[in-house]
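In structure tokens, one chain follows: the form predicted on its own.
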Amino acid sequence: MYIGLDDTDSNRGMCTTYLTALIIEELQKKGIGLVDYPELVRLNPNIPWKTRGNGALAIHVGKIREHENKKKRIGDRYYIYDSKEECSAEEVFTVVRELVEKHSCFDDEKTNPGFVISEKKPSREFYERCVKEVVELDEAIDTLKEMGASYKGYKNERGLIGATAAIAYTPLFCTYELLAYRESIGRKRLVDNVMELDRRFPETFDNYDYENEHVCITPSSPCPVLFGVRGTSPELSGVLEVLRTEKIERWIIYQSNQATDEHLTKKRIKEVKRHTSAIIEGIVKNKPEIIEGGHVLFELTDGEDVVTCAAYEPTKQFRKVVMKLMPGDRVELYGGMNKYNTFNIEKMLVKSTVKLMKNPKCCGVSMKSMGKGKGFRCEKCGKRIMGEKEEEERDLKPGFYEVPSCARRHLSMPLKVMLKAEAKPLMKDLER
């Protein structure tokens, strides 16, 4: 039995992962247990009506046999069971409905919960469309009806889209996140010793932004989450012994599509639609410039079309890298198109750079050209020399550049993860 859940939180509180943890615990009490890791599924990051990280949740459950042992511990009160027996859809529906209606942020106009109970999974294609494109509610409902699923939406019912996409998710390459929840909701979070995670647990990533001195594992919203540690391995419980924190109310490990770049598809500029993500390649058309607000803009052309590309102020030092681009440089950009038809850069691969030529120097200044083939003259001492212009060393080298951890989107794959052997199947386009 599959359960999908989405859009129960708001910017003022709650978290769908926490509600899912409550649901799992209540089902366990009724003899219904997980048969795999619960899944935190991030969807299209460009959707304008998302609450925070556009994350939906999915769990796969079955009836726990009395003689059955717990297969794997994935939290302080959560287990995976080796169960193949189906459970009562009606019983599951009742548990989920009661908890959704008790804990969802219905008073927020942007919160539109939805949940799905199904014996079947939708095709992975539906998930792929939800992570890359804009999918309408009627498409999700048609899919649910074809599957014979039970479902319930609230308010405008938009949460049904994410709930359906979550159970359609089948990992190709995945990551994991240990989420710990707090008792003292509303107060400042107490989490310390974060930098030690990088030394002790090299499989984790985006724990601390050293350039900006920013702790990345704690959210800024007033939600139940105390911290979330992400890694390429599910063996994350050891971080609880390293971090120094306030009292933890509960914790659980989720499997996820975070840091997988699954929202990206290589496209021509003309194929990139508003509110979608893509990988685009082209030639820098003009020197980047800084506009009001500290944002950096430039134009990219693929020979047929032109698009304005942006490194926005929250990307911090990444903007300095973008400012080093020159007309003629060839780059591959990873990111998404916003409502203004500007391409928001998440990551950049500089494929080649143009040569910059300069006049030779004398007396500490550039010499003046005396005309083609006539050499150069120093305006200070009058010295004349024959020769050609010299190549100026570029401060920008071919290679990957990424935004800092504090500005990274959930789905964007950090270079640290990209370089791991298990990520290579997703890098076949980059290895050419």
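Bear in mind that the values here come from a model prediction, so they are computed numbers and not experimental data. Numbering starts at 1 and follows the sequence shown.
There is another form of the same protein, the form predicted in complex with ligand ATP; it is not shown, and what comes next is about it.
The stretch among 373 to 381, 389 to 397, 22 to 30, 36 to 44 whose residues place heavy atoms within 4.5 Å of ligand ATP in the predicted bound form is 36 to 44. Heavy atoms of every residue among 50, 130 and 162 are located within 4.5 Å of ligand ATP in the predicted bound form.
In the predicted bound form, at least one heavy atom of residue 134 sits within 4.5 Å of ligand ATP. In the predicted bound form, at least one heavy atom of residue 158 sits within 4.5 Å of a heavy atom of ligand ATP. Although the partner is absent here, residue 54 sits close enough that one of its heavy atoms falls within 4.5 Å of ligand ATP in the predicted bound form. Counting a residue when any of its non-hydrogen atoms is within 4.5 Å of ligand ATP in the predicted bound form, the hits in 1 to 40 run 6, 7, 9, 16.
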